[in-house]
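The chain below stands alone, shown as structure tokens; this is the form predicted on its own.
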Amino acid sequence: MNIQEKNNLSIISNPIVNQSLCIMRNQNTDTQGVRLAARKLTRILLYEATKNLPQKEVEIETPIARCNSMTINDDITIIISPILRAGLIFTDEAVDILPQATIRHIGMYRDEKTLKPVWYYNKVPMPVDNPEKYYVFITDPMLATGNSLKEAIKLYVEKGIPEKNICCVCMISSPVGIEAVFSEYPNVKIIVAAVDSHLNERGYIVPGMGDAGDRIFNT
């Protein structure tokens, strides 16, 4: 199946997204420029990712009259789960958009030889009542091999949270990473701004933007 045809994959493209990607990809953009573009892009992606959150109708009073209005259902639990360290760039925007959300950090780094994720921090071990009412947004700028994302998804699936309630929000992805995630978790959602050509021998996305963590945090 062609990447573009996957029902659970959304590739978000508009002039603001394209401009932000252009700035982030450019090797001459400094750290501040990368951060500003990344934050602008993450907000757009998060709006798309959250569009299917359950809503309810409430009665309110405006300065003019009483009316019925839709709002996010307060009977659900929303989790933002950034994969450290690069995934942190999503956090400030996510908290602004969803102040009711809980932040659950996941710490992994990639072994440069095996390209497999190595755990160093896990803030997910928590009791889950009514898992069908949990909505999880896993954030990571780069979806390369898909190995880290699969490990993160596994944490929540093992708690009984339905795959359809889990959304992975990434900026740039590779076809390999998307296929890897869907091969194990076909019902999760993936939101991306770009699907690039391929991975190089070091497991970096081509053309990509280099190491997202290094460019965002000036390391």
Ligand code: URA
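Numbers follow the displayed sequence, beginning with 1. Worth saying up front: this structure is predicted, and the values here are computed from it rather than measured.
Not pictured, yet referred to below: the form predicted together with the ligand.
Visitor: Using a 4.5 Å heavy atom cut-off, which of 97 to 105, 142 to 150, 129 to 137, 68 to 76 contacts the ligand in the predicted bound form?
Guide: In short, 142 to 150.
Visitor: Just to confirm, Met24 within 4.5 Å of the ligand in the predicted bound form by heavy atoms?
Guide: No, Met24 is distant from the partner.
Visitor: Residue by residue through 190 to 207, which ones have a non-hydrogen atom no more than 4.5 angstroms from the ligand in the predicted bound form?
Guide: Residues within 4.5 Å: Gly203, Tyr204, Ile205.
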